[in-house]
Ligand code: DGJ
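As a starting point, one isolated chain is supplied in structure tokens, in the form predicted on its own.
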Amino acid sequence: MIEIQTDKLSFFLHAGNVTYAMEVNAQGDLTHLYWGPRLAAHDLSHLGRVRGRAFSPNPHGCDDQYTLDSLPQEYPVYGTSDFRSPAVEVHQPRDGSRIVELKYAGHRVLPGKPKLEGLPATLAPEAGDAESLAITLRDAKTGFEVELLYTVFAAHPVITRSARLVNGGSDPLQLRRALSCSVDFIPEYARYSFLHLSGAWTQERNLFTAPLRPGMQSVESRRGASSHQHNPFVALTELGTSEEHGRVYGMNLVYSGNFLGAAEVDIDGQPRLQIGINPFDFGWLLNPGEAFQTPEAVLVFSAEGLGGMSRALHRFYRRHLLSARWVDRPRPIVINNWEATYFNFTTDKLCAIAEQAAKVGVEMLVVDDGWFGHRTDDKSSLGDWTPDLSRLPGGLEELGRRVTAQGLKLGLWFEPEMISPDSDLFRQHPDWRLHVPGRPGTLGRAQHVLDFSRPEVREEIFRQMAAILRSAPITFVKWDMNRHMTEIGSASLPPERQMETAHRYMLGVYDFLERFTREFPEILIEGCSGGGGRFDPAMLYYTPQIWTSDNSDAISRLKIQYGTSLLYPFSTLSAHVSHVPNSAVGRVTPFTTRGHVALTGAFGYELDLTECTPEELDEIRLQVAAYKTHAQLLLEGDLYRLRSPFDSNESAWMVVSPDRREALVTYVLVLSDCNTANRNLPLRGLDPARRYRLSGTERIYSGESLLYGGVELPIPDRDFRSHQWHLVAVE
């Protein structure tokens, strides 16, 4: 998978059907040569050519035709003739400068994939899955070193990158910028667009594409979380790229905190794509001998459009990111009481919902916010994780006994990273929140953020949670985070380290989750941050499903789930059927449509089953049975997006089994019209040589007729209508 040519010291990384190539040039600079469809290892030095240009100085000892300002580089620095955005910036307190010159100092090839210290990252659990290349760059004056780690995976068009920054000198250094990845492309910016996923609470991960232009285009988070506003992903796409055609170069950061994803086009039209920890409000003191590890960036290339990129990432994340314990295990069908009761519930009410849930085939009751402290609204008790005996008289033990007696499992909501001013924990330890002394501090949702950078804070919250989890038969935890960071400061850090707080916080969250998953391996964690405010690969490493959005409206979810599926497998998207009018948008949609939209995610319900009509309960039985029938297909299948809700009045997608013998197709019409012509929906991913039976009928289609002709769409007769087709190959 890794080929090295020693005559010019070139590195060829072959991952699936993709090649990534680099070279050490005569000046000792590590240059980027190529990233694209697989090619054989041969001389590509002409791709890393450099030329002089006006107002681009020449490094010491080089002729006037050599400048870093036009050289495609692997880990660029600023101030030694490259005026573009650097990947790293190092402040040297001894002389106040930020100049380093990173020259090649060595390399090594490693079997498999090394674990990143303190950070979640993709895995290579089986021998032969992956191979890694570590290249060391060194600044001779300071002794500062960067070890660039590249891993290639035999079966996937994916390369992962990260950087380990080491102070190999005798003086302290201050990191001001430490990105995970930087790639320079050939100067043809007019051929590309900049793609990202952006939105807000209840409207997460909309697709945005804009033509590349000279200057900077970027997305970022300064909120202490990857955020609803932007996902830690950027891509360059060829102009005209569609679902199935066009080249896509994507970067997804395995990180849950402040990030930057940027594309810069220089004066010659050369794009530079970068991703990593946001340099804004970031600093890290490196004493002699200390190292800093950047998060991992996942690089994916597709020559088959956005659909090809998505399927490549889905397959890769299922096998190399999600927990092996859960990746192939069907998720429990849950009933969550939040939209059913909000804070107004008792043991008897929850058990009444559970009783009805058991009758329709639901498998788990998840008790949401309000079971602890004296929390009758969202203004108290975070940090006091003890049951409220006024509403749960027998505690969680009694609730668990009654729920499990009805054949259901029990899940529980926590918000471990937060603290209410009205809580015993806050009164005992007011300095345990993120804060700046002398500043009053802002509130969000009447709560502060706990300082998870501090081991004693993590220890206390873990102690409380572990006691709860051991007191009752809890097999599911919904882990929420309902405000972002302000006044980011830690009482445990000295002044010169305060800009380390946000990253140390994330390291603390990861440390907590490592311990949690180690001590409670059979508990399934569902991630949540006001819905989809922390939907990123790092959280998926620990939480194999995430509540996709607090907006459960089926029509809103068309865009939310479509955008999320660009990167993340459907099996990770938690999606529920909820009451109408919908609590977020007030829309009334058919029960069948709500079920079809939710069915292709981690499925469940967000309603009061005791108030459902007999007809609705019958519909739920059918939906539950359908999900159980299709569960394995939804876990393992390939996604093909057929119609986009972003540019049409409809949405359609299908999931196809790896052997192409089975498919589930879903179609949703948003607004109806009258006097329309007959229309078909062409499918994708099927075997044209096979024949497929439409489940529930005797109708048999040829694979090629479904691919090139399609299935008949229902005649539009009302708004928000949906339809599903289940196709199975005929022997």
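In this text, all values refer to a predicted model and were calculated from it rather than measured experimentally. The numbering used is simple: start at 1 and walk along the sequence shown.
Heads up, the form predicted in complex with this ligand isn't pictured, but that's what we're talking about next.
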Q. Which listed residue (Gly637, Pro86, Gly531, Gly261) meets the criterion of a heavy atom within 4.5 Å of this ligand in the predicted complex?
A. Gly531
Q: Using heavy atoms only and a 4.5 Å cut-off, determine which of Tyr189, Tyr104, Trp413, Tyr75 is in contact with this ligand in the predicted complex.
A: Trp413
Q: Would you check, heavy atoms only and a 4.5 Å threshold, whether Asp369 touches this ligand in the predicted complex?
A: yes
Q | Contact flag, Trp338 vs this ligand in the predicted complex, heavy atom cut 4.5 Å | A | yes
Q. So, in the predicted complex, is Arg272 in contact with this ligand at a 4.5 angstroms heavy atom limit?
A. no
Q) Wondering, does Asn482 line up within 4.5 Å of this ligand in the predicted complex on heavy atoms? A) yes
Q. Which single stretch, out of 472 to 480, 216 to 224, 251 to 259, 173 to 181, brings residue heavy atoms within 4.5 Å of this ligand in the predicted complex?
A. 472 to 480
Q. In sequence order, which positions of 545 to 578 have a non-hydrogen atom within 4.5 Å of this ligand in the predicted complex?
A. Trp547, Asp550
